[in-house]
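This document starts with one chain, in the form predicted alone, laid out as C-alpha cells.
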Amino acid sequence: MVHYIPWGEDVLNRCISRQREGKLPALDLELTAQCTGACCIYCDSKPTVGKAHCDELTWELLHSLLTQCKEQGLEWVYTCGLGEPLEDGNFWRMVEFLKANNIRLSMFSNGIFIKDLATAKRLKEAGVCIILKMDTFDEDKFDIILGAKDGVKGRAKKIYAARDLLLEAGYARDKKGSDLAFSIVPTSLAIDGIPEVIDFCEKNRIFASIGELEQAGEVMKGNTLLELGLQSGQIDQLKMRANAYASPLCYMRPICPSILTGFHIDHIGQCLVDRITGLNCKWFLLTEPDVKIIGNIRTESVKRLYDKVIAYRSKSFVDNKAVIDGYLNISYVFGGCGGNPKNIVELTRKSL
C-alpha cells in the first residue's frame, strides 16, 4: 500500500517535533463555502456550503495569514473542509505563494473543475497533493451520490475525466509515496464498486483513503443514515479487502498532521478548535461539530492565536480528561476525518 505523502509518518513526526520547538508547522485552512459542481447527498457542511459568503477572506487577509504563518515555520497547508478549493477566487494566488515559499498544499477536491491537462499540470508543478472524491466507478450510482436527484447528471463523468488528467499530468509517480489519494466513503450505493476502486489504486500507486460516513450535515438533516448505512456483512467484506490492500497491516486511515499540530482557520477568518479536546479538526468524531471560537485573524496575530490554541488544548486535556478518556474506546472500522479517534487522542497526549 502506497502512502499519501501529506499523511506520511515522516511528515507527522516532523510536524510534532517542530511544534514542540515552538514552530507552527501546519495550517488547517478552510477556503470558500462555494461548491457549485456537486451537491453530495451526505455533505457534512450543509447548509453552510453552497454559495460563497460575503465576508469570506480577501486575498489581502489570506496573504497576511500565510505570511505570518510562514514566519512561524509553516511547512504544510491542509484544506479538506467546506467548499471546493478550485472555486475560491484566491486559490491560484495562494498556490503561487506556497510554491514560492516551499510550502506544500494538500487539498480535498471533487475534481469537477480540473477540466483540462493544463490545470492538472499546473497543480502538479506547484507540488499540490490531491485527495480526489472517488466512491465508485459505477457512473449512475456515483451521479446519485453527487446529487443527481436535483436533476443534474454527468458529474461522475467529469470526476473520472479529472482522474485521468491528473495521472496524465504525472500524479502518483513518486516512489517515496503518492501525491494523489482517492476519497472513498462506504455507503449502500457505493459498496459493490469499492473493490474495483481499490484495485485501480493498487495498479496506479494511488492511496485509497477509505473513511466512514459522517453523522453530520445532510445525513442527519435528510435522515439518510439508515438508507446509506451498510450491513455488518458488507462492512466485514470490505474490511477484509482493505486489510488485504494494507497487508501486512490492518487498514486504518492515517492521522492527518493538521489535526493536532498548527491551528485551524475557517473561511471567514475564525480560529476554531473542537470544544472538548482543543483539536483542530471539528469533524474528527464524525458527528456534528461542537466548536470553540478562539479568535479571528482580522483582529489578532497568528502568534497570539496559535499560543491561545496550544493553551486551550493543553487545558482541555486536563479539564475534560474523563470525556476524552471515553474517546479511547472509539475505534472506527476504516478511520474518520483525520484518522482514528483512539490513536489521535493517544498521540496528542504524548505530544502535549
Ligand SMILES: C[S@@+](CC[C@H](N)C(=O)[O-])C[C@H]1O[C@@H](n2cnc3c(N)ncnc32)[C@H](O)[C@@H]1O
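This is a predicted model, so every value here is computed, not measured. The first residue of the sequence shown is number 1, and the count goes up from there.
Below, we turn to the form predicted in complex with the ligand, even though it does not appear here.
Contact annotation for A126: none of its heavy atoms lies within 4.5 Å of the ligand in the predicted bound form. The ligand is not drawn, but in the predicted bound form it has a heavy atom within 4.5 Å of E212. Among residues of the shown chain, T136 is not one whose heavy atoms approach the ligand to within 4.5 Å in the predicted bound form. Although the partner is absent here, C43 lies within 4.5 Å of the ligand in the predicted bound form, judged by heavy atoms. Just one of Q72, N204, T119, S183 comes within 4.5 Å of the ligand in the predicted bound form, counting any heavy atom, and that one is S183.
Contact with the ligand in the predicted bound form, judged by any heavy atom within 4.5 Å, is made by just one of F108, Y245, F200, F91: F108. With the partner omitted here, the stretch from 232 to 240, 93 to 101, 172 to 180, 77 to 85 that lies within 4.5 Å of the ligand by heavy atoms in the predicted bound form is 77 to 85.
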